Every structure is written in C-alpha cells, then in structure tokens.
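Next up: a single chain in structure tokens, the form predicted alone.
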Amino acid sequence: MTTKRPLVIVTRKLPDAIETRMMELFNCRLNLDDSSLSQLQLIEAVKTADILVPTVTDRIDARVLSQAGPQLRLIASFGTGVDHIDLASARQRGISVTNTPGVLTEDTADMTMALILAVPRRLSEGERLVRAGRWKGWSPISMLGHRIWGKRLGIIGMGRIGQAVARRAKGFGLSVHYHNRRRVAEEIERDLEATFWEGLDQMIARMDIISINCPHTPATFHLLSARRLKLIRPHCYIVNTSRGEVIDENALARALAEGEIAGAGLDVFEHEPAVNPKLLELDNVVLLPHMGSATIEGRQNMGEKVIINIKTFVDGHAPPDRVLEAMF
C-alpha cells in the first residue's frame, strides 16, 4: 500500500463509534442510510476502493470482482462467514480477505440456546395467544410442551459456536452429542461430556433436538437434505442459527407441516430476506430475522476487528484474521 490514506468503502451502516474511528484512520466512504447496495453499486465500489468492507448481505461474486480495479487489495468483511465472497476469484486477482471470527460466539450460542428452549416449550405460540386476547387463563392441559432436561442434543458443527452451545446445553441437563468433520480433542469432549458420531445419518436419527452450527460451504449446502430429514424422528426439534442454505427449506417445511418433525427454531433462511411462505403458515416454528449475533457488544467487537485487520494490512503486515492471503 502507498503512504496516502487508503480509500475504504463500507457497504452498510456500522456502529457510530466504529465509523468515527474509521474516518479518523482512513479515507472512508460510508453508507449512512444503510440501504443494501445493488450489484451495480458494488461493481462501482470495487472499481475505486483500495479496501472494501462488505457484510453478509453483499454478494461479492465473480462478476463483481471481475470489475475490481488494480488498487483493490483487501476485502475486510464485517462478519464471520465468508460464503458471500467468491474466494477463488479474489485469490486469482490477488485480493486478500479477512473476517471477524470469535466475537460472535457467545451471542450466537445464547440465541441457539434460546431457540432450544423456545420451540419445545411453545413460547412463541403462547406469546401470540396472549397478544391476540385469546388466553382464557391457566388450565392443566393448556399449552403443553416438552421439557428439555434429559433429552439428547445433536450438534452439527463443533467449532467455537458449537462448543459454546454444548456448554450451555450441559447446564440445562441435555445429553450432548455431535458430528464434525474432525473429532475434537479428548479434553474438550471430556469437559463437555460430548459423544462424537462419525456418521451424521446415525446421529440425527437418534436425537431429540438438533442444532446446526456449521458454516455454509459447497460441502454443507443442503446437508440436511430431504433424505436426511426423513431420518429424523417425529418428536425431534431442529434449531438453525448458522446459514439457511444448510437445510433444504422446502423439504423442512413439508416435514413440519405433515408432523414428521415436531418443530423448528430458525434464525436464518435459505433465500434471505425472503422467508418460505410455507413456514409462515406453521405454528410449530419460531422465525427470527437473523439476529443471532445482534448485540451491541458483538457489533462493536466486529467493527474493532475490521479496523485492526485494515490497519495491520495498511502497515504492511499480515492481518490477524486472514481467510485468504493474496498470492501476489
């Protein structure tokens, strides 16, 4: 990078304190009205930016990157997932990519645990009943759900967030099981009292609650396919706070409607912000607007990581949160 302040283009509104600090450090172009940029606007941004700061809502695909100017050398993504960025195209063009790992772990695990509680206990249904003025008072058989104490929880993806979910689940008396690409260290298994399943099919067929905590990659697209959803027992609940693309959403909606799966708690959707209309019709589903990481503290921490990654890169050093290091 040159000694002049780099042009940093930010695609969405960030916390005020983060934007103020970025303005102090860099030649920064902000998005003050927080409107999502169109593909054409993203193309215009990469033509002029030295550094682009996108979020998960921005599709930085091959078409966008093909128009990038030679000065674009860093994409400092505001978020953990990078499935919205075409990493192969970025590598080919010599563009480094960073993310903000770690800071969202506890927030997302909290939301996962909230959904694990909310769906079996029918919290969303009960809240709607009260607001609609249809609650007639306490009854011995009214709004009966299921306790989670003593149930089996199957975690798909035992990374930072999966382990944080397991710690919470253990405190609520759940028996923790997990499937992961690689088995975690023995001391982690022992601490979490977690049982490893090498076969995903075998695990999900025996669980009472399934929590999806793996990233979206080509290998995990529709990981819970129509075939796999058929393996899940009718009393089981599914919670997803990772990425909507991991589940075949149409197949899930059908299974829920036909009573093949007891319920679901979804914070993410396959075609966000669109929500499958079949899911909207179901009472046994809790639907949230991708708010698993939506805490003030988390967003502040994300912004601070973005600034550190940019500042380190501008100073000629390797950013701490490299997902992709440019080849030239």
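Quick note: we count residues from 1 along the sequence shown, nothing fancier. What you see is a predicted model, and the numbers here were worked out from it, not measured in a lab.
There is also a form predicted together with a small molecule; it is not shown, and the following applies to it.
Here the chain stands alone, but in the model of the complex its contact with the small molecule, taken as any heavy atom within 4.5 Å, falls in 54-62 among 23-31, 54-62, 275-283, 257-265.
Contact between Gly94 and the small molecule in the model of the complex is not found at the 4.5 Å heavy atom cutoff. Within this chain, Ser293 lines the site of the small molecule in the model of the complex, having a heavy atom no more than 4.5 Å away. Shown alone here, Gly157 lies farther than 4.5 Å from the small molecule in the model of the complex, counting heavy atoms only.
The small molecule is not shown here, but in the model of the complex it comes within 4.5 Å of a heavy atom of Leu104. Just one of Lys151, Arg73, Arg122, Arg243 comes within 4.5 Å of the small molecule in the model of the complex, counting any heavy atom, and that one is Arg243.
Proximity to the small molecule in the model of the complex, defined as a heavy atom within 4.5 Å, singles out one entry of Asn180, Thr80, Gln163, Thr220, which is Thr80.
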